[in-house]
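Take a look at this single chain in structure tokens; it is the form predicted on its own.
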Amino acid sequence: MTGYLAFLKKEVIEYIRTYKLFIMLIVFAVFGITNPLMAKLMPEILESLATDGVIITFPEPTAYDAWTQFFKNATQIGLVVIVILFSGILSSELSKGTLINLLTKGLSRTAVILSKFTCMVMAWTVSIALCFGLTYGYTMYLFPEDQTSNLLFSVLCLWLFGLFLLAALLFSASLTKSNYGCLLITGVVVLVCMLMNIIPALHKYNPISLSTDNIGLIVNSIDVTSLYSVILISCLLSLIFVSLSVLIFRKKQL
């Protein structure tokens, strides 16, 4: 436990010194501010682009449009930024030899994997919480009369998918010694989930459903209970990925 906490502290300090945490917070803060603003201004922007003699009308923007922007940006851009930033979670230290020095001095390999996963989860949690808080505040200001359903549960689902993706990323990093290999394996995992989603019968068991059913949840077109199975499966898969990462890294020739 001492080694775990010490290495976790070292990881947090490194995230700050290398500006990883700063980049993540800036990206998600920008999304949090612009999500409701884009929802509010987009109809006016599109109408201003209409050619002479052509009248284009758009429905009045609502809070649903702001949360649509939130889930789209967090999923399509935010998670991609996180995966890219964390793709060198193991390879960068192995290439520099800093991790090898710590391991030879008695640091447990299990502590390394668990502390790295914990730090990634902490960074992801703070980032998505910041984005949610800013979006919520500006949405309440711009659309005070609009109410959304299952909002917190929908954000929780997105957060859980982020955990699943980070676990898959850590597993990928344990298999390869390069950033590109890590990105490739993680991309294959996501691609398999996307292909599985083509089959309707597998949708309620597919982790990617946690990042695609968010809008359906807040407009009440998707029942909350329909995601209970995929939440359980995603948590189990995340646990399996982390456990495999520990086992592989223990036997890995550095």
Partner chain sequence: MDLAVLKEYFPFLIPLIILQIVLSITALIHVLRHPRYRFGNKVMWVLVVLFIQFIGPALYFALGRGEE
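Residue numbers count along the first chain shown, from 1. These numbers were taken from a predicted model, which means no experiment stands behind them.
Keep in mind the form predicted together with the partner chain is missing from the figure; the text below concerns it.
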query: Segment assignment from 167-175, 120-128, 146-154, 133-141: heavy atom within 4.5 Å of the partner chain in the model of the complex; finding: 133-141
query: Touches the partner chain in the model of the complex: A29 (any heavy atom, 4.5 Å); finding: yes
query: 4.5 Å heavy atom contact, L236 to the partner chain in the model of the complex; finding: no
query: Touches the partner chain in the model of the complex: S243 (any heavy atom, 4.5 Å); finding: no
query: Partner contact for I23 in the model of the complex: the partner chain, 4.5 angstroms, heavy atom; finding: yes
query: In the model of the complex, the residue from L41, M194, V224, L202 that sits within 4.5 Å of the partner chain by heavy atoms; finding: L41
query: Of T34, S211, T186, T62, the one that lies within 4.5 Å of the partner chain in the model of the complex (heavy atoms); finding: T34
query: Heavy atom within 4.5 Å of the partner chain in the model of the complex - qualifying residues of 183-210; finding: none
